[in-house]
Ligand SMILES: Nc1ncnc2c1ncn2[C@@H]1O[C@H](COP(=O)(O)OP(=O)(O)OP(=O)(O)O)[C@@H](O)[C@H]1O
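Given as structure tokens, the chain that follows is alone and in the form predicted on its own.
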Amino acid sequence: MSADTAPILEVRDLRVAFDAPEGLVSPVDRVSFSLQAGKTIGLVGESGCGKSMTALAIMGLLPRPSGRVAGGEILFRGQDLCRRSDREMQKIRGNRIAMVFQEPMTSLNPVLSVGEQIAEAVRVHQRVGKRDAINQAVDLMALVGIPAPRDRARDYPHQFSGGMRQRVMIAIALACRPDILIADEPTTALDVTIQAQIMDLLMRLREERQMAMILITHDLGVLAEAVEHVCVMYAGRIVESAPVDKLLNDPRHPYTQRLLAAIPRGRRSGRASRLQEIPGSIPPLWDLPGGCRFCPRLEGRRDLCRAEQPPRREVGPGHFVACWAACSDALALAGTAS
């Protein structure tokens, strides 16, 4: 594999472990995916499926001492981040890999002006004076669409709306022109119009700066125009991954199918269409089923589904599924075609 085609980020069999009152739990269990330079991958699934924990592991921000990477590799440009020291990770975090967190009000310091906070992100990784850092902060605020940036740089987080606070977080993340931007539920708690504006902003900046991006969301509806590839997570594992068009038009895993069915479809024949729900809930990490983790939420379960974890198999070009039924169907079709 040449340097031009090698992924900028490879996550291989990542396992995150936490010490909990119930014992050792793994919110991320053997997760693997890769990200090419300048491309965007989506991590999607219900709350608690392991999306954000995967991002925190990549950033080296797992809460200590209870949380840790218990296995696997996180390769950034071929170097395993799991083997980097805290000091080495400080040089990478925010500089080469940056993250936009889902709760800007709790991520921003309430007693510092937003201009000071953006300038601090600049000065941590660049040898510039305070005045130059403030000027760069003003430029970044303008870049992300904050009006009157020089005046507003003196304001505090509580003086900004939710959408504007999220723009501040994006400005902080972009301060050092990172190679990879991780956006963790960047539109949470924003109204629909502001959600669209934030997503348009992220896509425009990604294109202008040629960044790779990991977009974390629970909403499959935002992915169609935002990402090239999607990984669907459930109970700590990736159950399906595929190019976005393939996944949206031909989902193979029962969980993915039900996530798509749960997207509101508007009105049909003058009446609002019924919202489809997924019965049951994600099992607790300390009491996971022995077989397929989604199996207890399905009717007509097979004995094999109850007994064994399904392997990850390719059912089409770049389309992988961890499901006994989906893989059996794909193998049967392949046998018929041959």
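No experiment lies behind these values; they were computed from the predicted model shown. We number the residues from 1 along the sequence you see.
What comes next is about the form predicted together with this ligand, which does not appear here.
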inquiry  = My question is simply whether Phe320 lines the interface with this ligand in the predicted bound form - judged by any non-hydrogen atom within 4.5 Å.
reply    = no
inquiry  = I'd like to know if Met53 sits close to this ligand in the predicted bound form, meaning any non-hydrogen atom pair within 4.5 angstroms.
reply    = yes
key: Close approach of Gln197 to this ligand in the predicted bound form, 4.5 Å, heavy atom   = no
inquiry  = Although the partner isn't part of this model, could you tell me whether Pro289 comes within 4.5 Å of this ligand in the predicted bound form, counting any heavy atom of the residue?
reply    = no
inquiry  = Please identify the residue among Ala57, Cys49, Val31, Ile41 with any heavy atom within 4.5 Å of this ligand in the predicted bound form.
reply    = Cys49
task = Could you work out which of Cys305, Leu285, Val69, Ala37 is the residue within 4.5 angstroms of this ligand in the predicted bound form, going by heavy atoms?
result = Leu285
query = Taking this ligand in the predicted bound form, which residues of 72 to 109 have any heavy atom within 4.5 Å of it?
reply = Gln102
